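Let's start with one chain on its own, the form predicted on its own, as structure tokens.
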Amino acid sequence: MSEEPDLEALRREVREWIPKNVPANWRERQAGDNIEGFLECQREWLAKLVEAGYATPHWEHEWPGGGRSLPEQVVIFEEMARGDAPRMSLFFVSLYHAAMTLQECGSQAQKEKYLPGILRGDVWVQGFSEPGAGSDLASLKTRAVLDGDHYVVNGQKIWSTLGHFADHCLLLVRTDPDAKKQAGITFLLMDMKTPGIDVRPIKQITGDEEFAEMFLDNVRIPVANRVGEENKGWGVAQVTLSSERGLTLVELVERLYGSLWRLLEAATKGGFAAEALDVEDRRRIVDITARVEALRAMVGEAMVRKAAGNEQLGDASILKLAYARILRDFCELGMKLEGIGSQRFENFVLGAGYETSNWMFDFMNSYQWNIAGGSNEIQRNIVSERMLELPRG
């Protein structure tokens, strides 16, 4: 029987390591439209995490820090959030979606070619969603036609997170237009320097450009870059989409919990001493605090069930829905408490999370969680149909 990991020892180790290694002044370096500062800081942070073995605890044993259990991974995510370390925004798809897809579904040649590059800082992006095929991903229309030892790809992808910085792309294409939706999809690995790729950043309501759209015009991708069999890419995509196993919410909820004090800070900036807050404002602060603490407990319980192999159907959907609603209410309350000062819109922090205390930026940014991680409508359908077994319609 394998020895149980000492989680408290790991927690102390990570907690002591963080303040010695977090990039200095990272919030200032990633503030506003300082894209170069964001990229530099993210690469510096990745290198330190890789060296310490904290970037890849979910990878296989032969990789730095790999082979850790899910509870150990949870500890690392929790401590990174509590220590106010930068989020791995630039490399999240690389470290989780790309790496786990390759490790579980890729060929040996693909693993040897791409995994070392991820540790060196290669950026990956997902080319999944399309106009008209977001929540209903299986309706995608980007077409790939076999031509000798290459696929020729034409189509459009959208909402590709940080795609304008990417080196490689996890690409879903339709190779059999006559098959049922899921049956005719193939999974490819695309070099973003290939001729025919036009990447255009999408400016959001916040002024940020976190997402991009990609136009593919006769892009030639080697057959050797196919993951799995032709027309069997839907199953590979499910591995990609489940690869981080809820750890994103572990981190985000922990960051939200650690940011509750910002509400009182906002009230102070709005001209209120804590004792001067009216009854309704006090009630709303208590309410949001209780909801965040409840969500934190729910996430913890879900991770315990997951580690024990007893994950419940709909766990992820419930947590995502709760986080999306609570985050928006948290940011809206911060705006109200700070008053007119919350209308400022400068020095937002790229990749810091969704609770930076620039309340207007955070509030508008929170709306992306209506879609991120699967749209709220789809998650409600999962809960109602699969958990509660309610009839459709």
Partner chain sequence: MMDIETIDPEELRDAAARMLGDMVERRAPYDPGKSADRAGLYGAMVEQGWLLLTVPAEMDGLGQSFVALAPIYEELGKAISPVVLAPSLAALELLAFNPGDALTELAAGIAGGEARVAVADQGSVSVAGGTLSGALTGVLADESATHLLLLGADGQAWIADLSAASVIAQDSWDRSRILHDIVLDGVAAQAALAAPDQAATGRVRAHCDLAIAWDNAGGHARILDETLDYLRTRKQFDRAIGSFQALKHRAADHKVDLEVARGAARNATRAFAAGAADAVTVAAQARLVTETAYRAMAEDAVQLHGGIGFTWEHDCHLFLKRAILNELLYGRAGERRDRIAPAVLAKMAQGRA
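Computed from a prediction, not measured in an experiment: that's the story for all the values here. Numbering follows the first chain given and starts at 1.
Although it is not shown, the form predicted together with the partner chain is what the next lines describe.
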query	finding
Contact flag, Asp147 vs the partner chain in the predicted bound form, heavy atom cut 4.5 Å	no
Residue contact check: Asp287 to the partner chain in the predicted bound form, 4.5 Å heavy atom	yes
Contact of Ala322 with the partner chain in the predicted bound form (heavy atom, 4.5 Å)	yes
Exercise: Leu263 in contact with the partner chain in the predicted bound form, heavy atom 4.5 Å	yes
Stretch from 96 to 104, 215 to 223, 253 to 261, 111 to 119 whose residues place a heavy atom within 4.5 Å of the partner chain in the predicted bound form	253 to 261
Joint contact, Leu277, Met298 and Pro391 to the partner chain in the predicted bound form, by non-hydrogen atom at 4.5 Å	yes
Arg282, Lys141, Arg200, Lys181 - the one with a heavy atom within 4.5 Å of the partner chain in the predicted bound form	Arg282
Answer option from Ile18, Ala372, Val383, Leu10, heavy atom within 4.5 Å of the partner chain in the predicted bound form	Val383
Stretch 52 to 74 - residues with a heavy atom within 4.5 Å of the partner chain in the predicted bound form	none
